[in-house]
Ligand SMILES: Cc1cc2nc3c(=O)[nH]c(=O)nc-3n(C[C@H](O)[C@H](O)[C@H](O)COP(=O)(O)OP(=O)(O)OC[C@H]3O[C@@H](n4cnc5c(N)ncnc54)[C@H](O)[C@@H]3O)c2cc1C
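The chain below stands alone and is given in structure tokens; this is the form predicted on its own.
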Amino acid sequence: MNSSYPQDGIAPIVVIGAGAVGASSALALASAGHRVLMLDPRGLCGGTSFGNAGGIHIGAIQPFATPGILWSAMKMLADPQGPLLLDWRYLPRSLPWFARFLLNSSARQMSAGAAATAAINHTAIAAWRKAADAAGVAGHLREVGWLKVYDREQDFLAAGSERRLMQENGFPFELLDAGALHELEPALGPSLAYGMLQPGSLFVDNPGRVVRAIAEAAIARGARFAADEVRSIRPCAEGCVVQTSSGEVLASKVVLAAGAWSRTLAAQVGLRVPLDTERGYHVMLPTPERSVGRPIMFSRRRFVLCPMEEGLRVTACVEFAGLERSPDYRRIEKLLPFTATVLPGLDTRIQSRWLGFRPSLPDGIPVIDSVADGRVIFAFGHGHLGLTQGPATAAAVLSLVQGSASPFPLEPYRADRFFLSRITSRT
């Protein structure tokens, strides 16, 4: 086979993607003795995993598709400072996704989606500790929980279904009144009257460094990496022929963990997946003199203050505009005066800006499955929880490769669960 990749007679498992899911999968496979080739044109952790809020947020199990979401979304779109944006030129392409999203907004579907997310998340902390220990970055996992705050009683009461789902699925939380909230986070402004602390969650204070370290740990265990674009996957008798920007490689198996870029490659092996991207933004600000001790989500404006190693990160916005449109930082920049009321004295001089692409499926549940007679493993569509679920998904990927028991039941994450999907063959 004509290839620029080293050939030693053993076909590797090709992992497409070097973000939280792909890097963790490469580490799990390499640690188990498998030959691994990891491919990602954006480099190690060069995509969405780099710029997130840093939360290993195990209590985030409520899907975004909930009863009444259509009305809520319309109000957010009408708000010039709201957290939801839509490029109307992109609407014709995204309409099928939104139709499926609304079909998943019943109370029954919401509960099923929460249960599926909970199954992964219950294994997430142990999986993260194992990966962080292997990569030598356990010190970047901070046991500070995740805090959600409210300045209006109506928003606190409206979040009752979120708390109910957490209770039903075994995720404890603590409710805080204004006094307890400001005792926990004294730098917060006086307007905040309610809080919900999820103490079981962890915080990664430098996601880019940590995910890169996981990828490097895989490389230290024998995995190879190339910053190449995968252009096609073609199943064959020996496994799969993977065509890249640098040539071809014969893979014994392929793990497709390319996040928002997975849709086209998945179609090449028989799956029409309703995958789209929720574009998200962050800006980096100087570390405040009086900062916060954990990631804090402000409920009404849907932004998160993240006390990162290199400064204060503000993450915000869900934007539907596809993968090609240039970044539009105006909405997140408009939030900054408001963030200064939540954290008085905040220096809002922007140090850097970033746009990422969350890979989102309309039911809010990732695809974790084996298709093409076991030659291809799908591991994508984690939405806002790619960092949270990366190492846990990797454990499931390893089980699919080796034919062993998964740490959580995989039935809810089947690739053929979508109404318009077509799988040519599956294990």
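Quantities reported herein were computed from a predicted structural model and do not represent experimental measurements. Residue numbers run from 1 along the displayed sequence.
Missing here is the form predicted together with this ligand; even so, the following discussion is about that form.
Contact between Asp40 and this ligand in the predicted bound form is found at the 4.5 Å heavy atom cutoff.
When this ligand is considered in the predicted bound form, Leu265 lines it closely, a heavy atom lying within 4.5 Å. For Gly46, a non-hydrogen atom is located within 4.5 Å of this ligand in the predicted bound form, even though that partner is not displayed. In the predicted bound form, this ligand stays beyond 4.5 Å of every heavy atom belonging to Thr117. Looking at 212 to 220, 132 to 140, 349 to 357, 181 to 189, the stretch with residues near this ligand in the predicted bound form, meaning non-hydrogen atoms within 4.5 angstroms, turns out to be 349 to 357. Residues of 237 to 271 placing a heavy atom within 4.5 Å of this ligand in the predicted bound form, in sequence order: Ala257, Ala258, Gly259, Trp261, Leu265.
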